[in-house]
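Only one chain is given next, in structure tokens, and it is the form predicted alone.
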Amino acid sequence: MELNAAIETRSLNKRFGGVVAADNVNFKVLSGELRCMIGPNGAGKSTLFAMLCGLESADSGQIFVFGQDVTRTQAFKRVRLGVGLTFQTNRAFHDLSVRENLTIPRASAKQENMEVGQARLAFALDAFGLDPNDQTKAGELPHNQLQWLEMAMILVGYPNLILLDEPTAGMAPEETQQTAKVLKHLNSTGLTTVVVEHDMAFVKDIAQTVTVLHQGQVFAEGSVAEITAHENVRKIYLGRA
């Protein structure tokens, strides 16, 4: 395990009956990196993401977070290691206020990250137009602000690494651009970020490195320019012009 790796998998495997969802996956993101993960439907993105988060268990292989083997570690314990998670299905508490939603995650806040974590949270709240004292129920927020609230909630815990599953799903172009602006700023402060995404314009805007999954395997990896120029990636995912 490299000392500067924020998250890494070694020979990770997962089957669902006869379906191979992860096939000997070796995946590594360095501390401070902003990585995007793409691939066609059924490529294994959701399964790999779920295993990284601790929501699915691997059949074999290992997962490391900041050098610690978390292969059998529950999701909430990974959060305590400094991992922030969002999912395709929004998990804010819709019947609680914005203020209450932003208060709940403080129990897992890493005190050693307090100063930089508070600055990241303040920036995101301002950029997203969220008032931390807002008594509006989360379920009454428009879609984009509900998505942004969930992102702000993970920042309350002052994470060192965030895993985001399609954070711009359902957003208008200008809302997607604002999300990109915030993620790039947070990453510039050293926050390691892994994003699973379908929106290639968004990926091109934010990614430093792109990992392409196909049939449960890491098919290709490189810069946005390298991936978009990769003939076989174009065949399986981007399509031909």
Partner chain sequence: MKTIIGLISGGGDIGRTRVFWIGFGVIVLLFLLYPTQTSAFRVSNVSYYLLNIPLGLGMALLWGYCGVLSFGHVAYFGIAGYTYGVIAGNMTENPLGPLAGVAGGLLASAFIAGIFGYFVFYARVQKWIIPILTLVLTLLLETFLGQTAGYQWRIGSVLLGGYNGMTGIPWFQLGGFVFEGYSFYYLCLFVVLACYFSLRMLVNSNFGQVIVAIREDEVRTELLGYDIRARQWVVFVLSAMLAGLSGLLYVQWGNYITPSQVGLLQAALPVIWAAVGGTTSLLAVVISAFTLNWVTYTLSSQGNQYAMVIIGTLLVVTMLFFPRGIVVMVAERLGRLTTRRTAPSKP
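Only a predicted model underlies this, so the values are computations on that prediction, with no experimental measurement involved. Residue numbers count along the first chain shown, from 1.
Below: the form predicted in complex with its partner chain, not depicted.
The stretch that touches its partner chain in the predicted complex, counting heavy atoms within 4.5 Å, is 67-75, out of 126-134, 67-75, 166-174, 111-119. Using a 4.5 angstroms threshold between heavy atoms, Glu140 stays clear of its partner chain in the predicted complex. Under a 4.5 angstroms non-hydrogen atom cutoff, its partner chain in the predicted complex has Thr86 among its neighbouring residues.
Looking at Ile162, you'd find every heavy atom of it more than 4.5 angstroms from its partner chain in the predicted complex. Contact check for Cys53: a non-hydrogen atom falls within 4.5 Å of its partner chain in the predicted complex.
The candidate spot formed by Val79, Asp95 and Thr103 lies fully in contact with its partner chain in the predicted complex, as each residue has a heavy atom within 4.5 Å of it. Along 140-179, a non-hydrogen atom within 4.5 Å of its partner chain in the predicted complex is carried by Glu150, Met153, Ile154, in order along the sequence.
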